[in-house]
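Before any questions on how it binds or moves, here is one chain, the form predicted on its own, in structure tokens.
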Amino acid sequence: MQNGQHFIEIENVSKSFRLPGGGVVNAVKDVTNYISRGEVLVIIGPSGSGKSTLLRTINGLESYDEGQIVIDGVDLGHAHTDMNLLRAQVGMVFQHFNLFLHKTALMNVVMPQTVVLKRSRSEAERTARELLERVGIADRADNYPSQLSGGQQQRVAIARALAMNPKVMLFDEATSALDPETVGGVLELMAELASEGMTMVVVTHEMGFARRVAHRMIFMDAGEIVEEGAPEHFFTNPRNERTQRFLREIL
């Protein structure tokens, strides 16, 4: 353990899934990585490489079979860790928004605050309106998700996560379900959060964003970290043949 030196400590984490037919998929294999406060870590790799599973173990949405994850001194595997509180402090933005379809944009941001953080309705609504203004859709506060574009829904999802005052933000392919013309606005919002010092772990195929915003990148394949380094290393001199092949295909 790197005591006190890192904001997020991932040590020897493994996660497997049992298939309906009886087989086993080793989604994450003995992964170790350390993330500093205020760092932007971008995770890249092919589909099925374990990127999203690793992200979900950091958020506590997936348990892990072996290893240890510690966030700001809190051990996710400890029996007395309040996982609901932890998930509130580790904001996560998904590919498919995960909004409450029967609630307005405003209420999607208000509800988690009142339920998890026990804020008063007036305080939660004030925070929600400020955040909807910040993400550029204050005028859509009373619209339901079905009345919003994909980009607008993702902005609501980001506002909802920020309303919990998270210590870290996780983005799991946050732009992959968006129309091309709306991707840029969401990426700019994410870049703004990064520039303000938010600790972020981002799974993405947006290589331009990664090159501009990431402090460090890792490439995963078959559940393992194959290569790690600064963005310039990845885009100018990747060492591993598998990394080289992936980047040739995606760039």
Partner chain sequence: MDWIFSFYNYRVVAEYLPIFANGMWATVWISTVSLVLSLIIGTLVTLAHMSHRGWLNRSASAYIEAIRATPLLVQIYVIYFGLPVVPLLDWRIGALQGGIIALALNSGAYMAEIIRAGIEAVPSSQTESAMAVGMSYRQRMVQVILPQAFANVLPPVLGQAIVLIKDSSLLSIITVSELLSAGLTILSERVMPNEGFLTVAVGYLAIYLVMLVLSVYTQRRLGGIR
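Keep in mind that what you see is a predicted model, and the values were worked out from it rather than measured. Residue numbers count along the first chain shown, from 1.
The protein also exists as the form predicted in complex with the partner chain; that form is not presented, and the subsequent description refers to it.
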### Query
Okay, which stretch from 97 to 105, 121 to 129, 67 to 75, 176 to 184 lines the partner chain in the predicted bound form, with non-hydrogen atoms inside 4.5 Å?
97 to 105
### Task
Tell me, out of 222, 210, 191, 61, which residue has a non-hydrogen atom within 4.5 angstroms of the partner chain in the predicted bound form.
61
### Message
Whether residue 90 contacts the partner chain in the predicted bound form should be assessed with a 4.5 Å heavy atom distance threshold; does it?
### Response
yes
### Exercise: residue 112 in contact with the partner chain in the predicted bound form, heavy atom 4.5 Å
yes
### Message
Can you tell me if residue 158 lies within 4.5 angstroms of the partner chain in the predicted bound form, counting non-hydrogen atoms only?
### Response
no
### Message
Can you tell me whether residue 141 touches the partner chain? I mean in the predicted bound form, with a 4.5 angstroms heavy atom cut-off.
### Response
no
### Summary
Taking the partner chain in the predicted bound form and a 4.5 Å non-hydrogen atom cutoff, the residues of 225 to 251 making contact are none
